[in-house]
Structure formats: structure tokens, C-alpha cells
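For reference, the chain that follows is the form predicted alone, supplied as C-alpha cells.
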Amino acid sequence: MAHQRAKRTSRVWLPAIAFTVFAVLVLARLVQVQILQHDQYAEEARSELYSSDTVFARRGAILDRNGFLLAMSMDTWDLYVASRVWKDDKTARSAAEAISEATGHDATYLRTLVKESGLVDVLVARDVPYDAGKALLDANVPGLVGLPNTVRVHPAGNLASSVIGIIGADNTGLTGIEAWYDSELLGTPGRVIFERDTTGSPIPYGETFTTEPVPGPDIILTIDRRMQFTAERSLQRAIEKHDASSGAIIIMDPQTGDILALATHPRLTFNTLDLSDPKQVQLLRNSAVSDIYEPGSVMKIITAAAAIDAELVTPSTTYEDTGIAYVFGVPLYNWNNGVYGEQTMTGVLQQSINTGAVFMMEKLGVGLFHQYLDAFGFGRTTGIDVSGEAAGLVRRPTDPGWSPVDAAAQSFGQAISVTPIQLVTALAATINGGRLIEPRLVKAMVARDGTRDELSSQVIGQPISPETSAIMRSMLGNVIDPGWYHPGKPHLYSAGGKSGTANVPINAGYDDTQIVSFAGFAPLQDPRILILVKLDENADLVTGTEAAGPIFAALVDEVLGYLGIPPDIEQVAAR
């Protein structure tokens, strides 16, 4: 009997085709996942399985020139919570209570923070003391992860706070030395990568990869802790006595440019600093390097040094003072409207005669006078190693509205604006042999292995000759010891210096407020220290000689005594 062959129908072919297409799609997807995009999907899987965080290196310490700690870092913990673990309300409550007891943060606040963050790992507490954080981690609080960190502490309190500066939450410097040397102090951060479970918690004994951080070197300042304390105390007393709004005291070694003390008022306080307060934000700047002012009669030192160096006058050169000098028909008067008659150039500095300074400037001529201003560094930054330095202002013939009267006024400290550090740097050159030295606040760095890298002083110019510098020392000695009583004369040491009293410029004139100052050095023939005392807007309106001079004199006796320099026998005998 014959059999009929089965006919092929779509019922057979359609499923076969469908399965074939499905197999091809699956195979293509496998090729895509396993071969073509393997790295991408492997990284996504790894990101789910592993978490990583930065491990900050221990920030280098900041010490004074004698090795006393001014800023250092202490070990702390940054605490994170795996948000998925706290999705269970009961777990979140018990864990939050445990963290609250150790950190002082409100438990409800912690739960809300984690719930609303939207992050896998939520930072709940920063810089928790090491022992407290370690106890929490040892207690295996659900979802809690701790990463090592450091916090900045200041063993000397707020001493030199405006010099040291502050760091931010990410351990980077924001102001002061902390900012200028941030890359060195920061060191090299490390990295920790840890395996975690599906809840986001680290797997105990799971795979962990760590790149160890490299600590930053310690920085040795030129600041002397005791001198800094003395300067800050003296400034505070002067502010209170003369009812001044602010001020600064700088003590420099004129031979090296080392800043031995730099005090400002007001200053920031580490433990009460509130950056949400605009007034406190202003304290982050160091006014001794960032604020400009007209220096007044202290500037006559520079004018005299320039005229003597150019061999246009000598200390004994005379002129007739009539109390008034006309510059292109504009009258310029002495500070007290006094008339001094025949005077030498030394007498001009002793009596602080404005017309005498104009006389020397006119001998120089505007062009040469400005060349000397440039050589002394006015109108540009000094290069001091602290953030926020201003360049100052010098009106020049190329400026709009310039007048020859501006150059005349500059000779006695008006129509020119300087920073305190700029003025100190220029004055150092007049007494140290004529060398313009870049001021500095850091003298060395010490690596963790004890290797010490000494930073050398930088001579950046020679505005006057050594011979002129010697003449200036003698002339300024005659200012402080003129043959009559002078408030700026130290009891134990010979010294030289000059006061300044300048009204504050407003619009096209000056108001009644003033800035008073005294700049001087000691001992006279071998200067070891140069001091600038500056008081702003002293309400009692006494002059720089009366207000700042006695502060200078007292500082000389105390600081040189601290340095072990024997008193000047002739000075003591005269007293």
C-alpha cells in the first residue's frame, strides 16, 4: 500500500525561523557584552561591587624658626553611611542613635540627611576624633563606613593666625602660608578601593586595594614665636591706648629679608571664625600685605637716599625753608605750617620738613626720582610668600590727570600708596648696604625622613650704593638722637628711624582721620632688626612720633635683649 508524503507547512517553518532569529539575537548580544563592550560592562559591574574614596595624606606641620609648633594635623575619621542599609527604619534609628552619641549630631537629622541625599554613601560626620570614630567602627554600626582623615590644630592658639591662614574642608589651603605652600603641605593623597555587598556595606575580609598617602613636609617659618607674641601684644595695647581702628607691626631682619614677626589687628581667630559673616571673611586677608596706604613722612627716607645716591645733595647740604614750596604755582606747606629757616638735609629728616623733601626731589627731577622709586620696588609686589599681596600705586607722568605736583607730594609720602611689607622691604635696602631683598616667611622645609631643604634669601636689586646706605644709617641715627628728647629713642641700644603722619585721602582731598607710623632699626651701625609700627585712624590724633615712636623703642629693647645682643654702652651711659 502506498504512503502519502507529509507536506511542509508554515506551522513548521515559522517556529524554526523564530528560534533561529532568537538564537542569532542572543548570540549577537553575547558577542556585544562579552567581546565588543566587555570593558564597559565589566567596569559597570565593578562599580557596583566596589567603592573607592580618597585617603588624605597627613598635612605637613608649620613651625616657627626655632621648631615650636604653630599648626599641625591630628588623625580623625570621616564617617559615611550606606544609604541602602538605612532603608529599614528600625536599623536606621538604632544606627543613628549610636552615631549621635559619639558625634553629638542629632539622630533625627542624621536619618533625614541619609534619606534625602540620593547618594549611595552619605557623609554624616567629618573630622570625628580618632578614638570616638574607632569605637563606632569597632561596634559594627549598620551601614557605617569610616575613612581616615586629619584635622588642623594650633598648639599656640591664635598666634600668627593671619600669617598661617586656614584650610578648607578638603584639606586644601585657603589663605596665608596654608594656601601659598598648599601643594607642598598637602603631600600626595592615597586611595582606598573596597568590595561591598548588595546593601553597599563593606564586605568583611573582602578584597581591598590601598594606595598609601605620602605625607607633606613640615614648613619652618622665619617667624619667631616669642617676637610674634611681643609684636601682637604691643599692637593690641597701642590700638587700645590710641583708640585706633586697626594696625600692623612688622619686624624684619634687614640683612636676610626674614620676617621675624608680622602682627595685624584685627586678625582672624581659628576657633570662632564664621565664614558666613562678611566681616569675618575680611579677616582672611593679611592687611600687612594686601592693604595700601599713603605712608607720609617715612617716605622722606627714600627721597633722601635717592638724592644722596645720585650725588645731588649731602647730609650737610643747606637750603632756606620759608614754610612753603610752590610747584607750578601750587603751594605745598610743611606738616605743621612751620618755618625752619636754613636747614641741612639731616635737619629736613629731623624736623620732617615737607619743603625740604620737595627740594631734594626737584634736584633729582621727576624722571630720575621715579627711576629710584622703581628701583626700591614701589608699584609692584615684593614677592613675599603669602597670598593676597597688593602692588601699591604710584602716579606717573603717563597717568591721566597727572601733575608735577604729584611727584612733589610723593617726595613726602602723598600721591603714592604702598603696603606695609613693601615699605619695610624698601627701607631695609636703605640700611643694609643698598640690597633690595625679597621678604620671606619660610626658611626651610623638612621631609618625613628628616631631610631639610634650606630656602635661600633672594637679592632682587641694588637701588643705592653701600656708601649711601652708610650715610643713611647715620642720618637716621641723628633723627632719633637729635640732641633733644625723642620718644622713639630706645633705652639700651643705638637706633635710627623716622615717623610718618598722613591724613587719609578721600576723593580730591583728605579727611581728618590719619594713619600714623614709625619705622626704625637697631643697632645703628650693624642693624639686626627693622621695625615698622603702623596705627590706623587713631582717635586721639597724636603724631606718628608720639604714638608709634615709643612702641618702636620698647620693641627694640625687648627684642634685641631676647636675641642676646649686648646693650650699647654709650647709650646706657647717656641715659
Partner chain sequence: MTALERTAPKTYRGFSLPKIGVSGWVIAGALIVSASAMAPVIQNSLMTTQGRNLQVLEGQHTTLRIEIRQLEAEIARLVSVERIARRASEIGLVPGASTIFVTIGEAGPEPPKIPAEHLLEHSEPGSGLAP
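Numbering follows the first chain given and starts at 1. In this text the structure is predicted, and so the values were computed from the model without any measurement.
Separately, the form predicted in complex with the partner chain exists; it is not shown, and the next lines address it.
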{"property": "Contact test, all of 179, 335 and 374, partner the partner chain in the predicted complex, heavy atom 4.5 Å", "result": "no"}
{"property": "Residue among 406, 309, 224, 481 with a heavy atom within 4.5 Å of the partner chain in the predicted complex", "result": "224"}
{"property": "Interface residue in the predicted complex among 90, 452, 279, 380, criterion: non-hydrogen atom within 4.5 angstroms of the partner chain", "result": "452"}
{"property": "Interface segment, criterion being heavy atoms within 4.5 Å of the partner chain in the predicted complex, picked from 74-82, 410-418, 289-297, 457-465", "result": "74-82"}
{"property": "Residue 218: touches the partner chain in the predicted complex, heavy atom cutoff 4.5 angstroms", "result": "yes"}
{"property": "Partner contact for residue 69 in the predicted complex: the partner chain, 4.5 angstroms, heavy atom", "result": "yes"}
{"property": "Residue contact check: residue 19 to the partner chain in the predicted complex, 4.5 Å heavy atom", "result": "no"}
{"property": "Residue contact check: residue 119 to the partner chain in the predicted complex, 4.5 Å heavy atom", "result": "no"}
{"property": "The partner chain in the predicted complex - contacting residues of 125-149, heavy atom within 4.5 Å", "result": "130, 131, 134"}
